[in-house]
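A lone chain, given as structure tokens: the form predicted on its own.
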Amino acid sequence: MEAISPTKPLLRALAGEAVWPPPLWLMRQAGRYLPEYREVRAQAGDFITLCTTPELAAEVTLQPIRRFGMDGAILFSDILMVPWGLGQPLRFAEGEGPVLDPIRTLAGLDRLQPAGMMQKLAPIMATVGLVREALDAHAPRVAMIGFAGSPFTVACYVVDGKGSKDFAITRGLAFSDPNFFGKLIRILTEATVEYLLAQVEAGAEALMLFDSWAGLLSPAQFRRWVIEPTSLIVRAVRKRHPNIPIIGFPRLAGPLLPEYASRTGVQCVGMDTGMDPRWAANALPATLAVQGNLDPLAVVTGGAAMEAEARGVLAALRGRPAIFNLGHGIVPQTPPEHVGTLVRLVRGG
């Protein structure tokens, strides 16, 4: 079902065209800040059921497209569906976030069963197909974006067992037991390739790799546990689907961003909130798309503050392939009307 359409602004930008105004979508654009999302979430009962019920997941994926007319519809799911698919118990506790049974030994890795993963994740592929069909019929200029967590970030949750500010247990094991950690990263890398390929075959037109905790690592560890597995994933996806663009988001990579871009082979790099987009525009190849990086809290505030920040990002991106986005995910307290104002501002150039 792979198809690259030159009429879709987001895909044109990913192909290296300096589209202006830049195409726009927002990380976590389908979520708790929308009342229509909360209604569907209540109907589902729990978060995993929502992610694995294709009709409901497709509905929340499409909600921000209907409301705001984004240029990209990103699959509604979660980065931890891969370890869940591999057999690691997962639950989402109210006010606590994801909770997993931590795995910290080589013997524990035997609990991860790649053979059964895609059967458990089949409903997510059905969601991709439903969204792509809806976009083709009703919003043909909108690109369908699939995604996965990058191996290091997913490993943080697999090992620590829950969210953390510094993932000290995971980072410590990467130093003290690189044999265990290397095997875990290999399992997650291979699973991520299989998962992303299935999304493309179901209808995804672009892919994104979220490495939200990449910036916690030292430069040497970043190269080993972020750049190397990401490079393997990109090459494996390209081998099967050479025209599918991939966006990499190594959050807090800082000055390592150009090396990440050149060594991984992604078509686009996502900039986090702390990245100076003017520096990134100068440091990265002129043909490489960049994505970002408005502070989500500026959208909460709205008004003149949001406008000034957004115009600063736009000025830095002008004249190169770019996608306007946030520097991290939209937060639940965001007024939806502020998002609508932002979309109009960006579309005005």
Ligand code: 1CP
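Keep in mind that this is a model prediction, so the values were computed, not measured. Residue numbers run from 1 along the displayed sequence.
Another form exists, predicted in complex with this ligand; not displayed. Remarks below refer to it.
- Interface residue among 172, 97, 265, 114 relative to this ligand in the predicted complex, by the heavy atom within 4.5 Å criterion: 97.
- Shown without its partner, this chain lists 311, 66, 318, 32 as candidates; in the predicted complex, only 32 has a non-hydrogen atom within 4.5 angstroms of this ligand.
- For the chain shown alone, residue 75 is a contact residue for this ligand in the predicted complex, at least one non-hydrogen atom being within 4.5 angstroms.
- This ligand is not shown here, and in the predicted complex it never comes within 4.5 Å of any heavy atom of residue 225.
- Taking the partner from the other structure, this ligand in the predicted complex has a heavy atom within 4.5 Å of a heavy atom of residue 210.
- Interface membership of residue 27, defined by any non-hydrogen atom within 4.5 Å of this ligand in the predicted complex, is confirmed.
- The candidate spot formed by 84, 120 and 126 lies out of contact with this ligand in the predicted complex, as no residue has a heavy atom within 4.5 Å of it.
- Looking at 89-97, 270-278, 216-224, 194-202, the stretch with residues near this ligand in the predicted complex, meaning non-hydrogen atoms within 4.5 angstroms, turns out to be 89-97.
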